[in-house]
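Next up: just one chain, as structure tokens, the form predicted alone.
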Amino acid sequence: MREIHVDEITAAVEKLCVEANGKLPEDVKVALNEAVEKEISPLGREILSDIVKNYRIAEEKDLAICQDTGFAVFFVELGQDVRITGGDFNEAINEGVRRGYKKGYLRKSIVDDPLIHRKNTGDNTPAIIHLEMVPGDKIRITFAPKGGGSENMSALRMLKPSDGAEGIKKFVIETVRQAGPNPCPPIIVGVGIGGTMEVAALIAKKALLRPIGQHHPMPEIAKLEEELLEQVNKLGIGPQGFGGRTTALAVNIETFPAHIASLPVAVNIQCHAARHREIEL
């Protein structure tokens, strides 16, 4: 049994918060630069160039890529042979968020009550923690700050199995069309198919972490990803909603076994600042 002290977890989370908000993953940077070359709209190309300039300045000056530094969302793979010592695991992550958002001068966006008082917690906690027990003696922590503009455009629908692939396509395209410029395109579209209502939503968000250009291992689903990306980019929404062919950089689909009577489908949209970073302890 390997022991990991909560202080090590807090330090790792603090680092993740600062780095993820200031540096885009390489696959996203490559996709944005390629989009500049492919975009046929002069205004769309200019906007994409500004987006590229923005992420480069953020890297050079250690600044946040976007003023909305998001809800602190974590995907944690906890090895079953790990024992957490020195305190509470969830509190260790929240303390890392407090320190990271203070150290990085990152905007605190979380209110303590969603409906009545809506008072800012002042430290961007509590974090959202998705915990999965896995074999081994390590902890893998993936941090994905999620901005409100893109999260607000997400949707879930309980389709019938008879709706099939065409029903899924219709729902995804309808969701992106209605989102329009609000999620700050070019976007990444995460789609979760199967499971129950909450599982579909969870795997849709998890789909956003997959590197751009890496497709689902099942050929039929990979083809659906390609078809949806093509249709989304034909909508003409374009960069920041000003028109063009680059509405999305990728459509990533994740699936999960479903009940014979169900076909849950969730769409989780990510903005062009598709920030995420991981660390292994």
Partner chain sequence: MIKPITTPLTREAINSLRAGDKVLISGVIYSARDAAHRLLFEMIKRGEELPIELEGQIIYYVGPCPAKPGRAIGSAGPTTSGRMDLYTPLLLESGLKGMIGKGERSKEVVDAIVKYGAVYFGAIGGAGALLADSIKESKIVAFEELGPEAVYRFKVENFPAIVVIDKDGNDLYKIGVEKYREI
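Positions refer to the first chain, counted from 1. Just so we're clear, the structure is a prediction, and the values are computed from it rather than from any experiment.
There is also a form predicted in complex with its partner chain; it is not shown, and the following applies to it.
For its partner chain in the predicted bound form, the listed stretch (130-138, 148-156, 196-204, 86-94) containing residues with heavy atoms inside 4.5 Å is 148-156. Highlighted residues I212, K223 and I269: none comes within 4.5 Å of its partner chain in the predicted bound form, counting any heavy atom. Checked against its partner chain in the predicted bound form, the residues V28, I237, A35, A250 give one hit for a heavy atom within 4.5 Å, which is I237.
Among residues of the shown chain, N182 is one whose heavy atoms approach its partner chain to within 4.5 Å in the predicted bound form. Though the partner is left out of this view, M218 does not reach within 4.5 Å of its partner chain in the predicted bound form, counting heavy atoms only. At least one heavy atom of N54 is located within 4.5 Å of its partner chain in the predicted bound form. Although the partner is absent from this view, T255 stays clear of its partner chain in the predicted bound form, with no non-hydrogen atom inside 4.5 angstroms.
For the partner-free chain shown, D50, I51, K53, N54, I57, A58, K61, D62, L63, A64 of 48-64 come within 4.5 angstroms of its partner chain in the predicted bound form, judged by any non-hydrogen atom.
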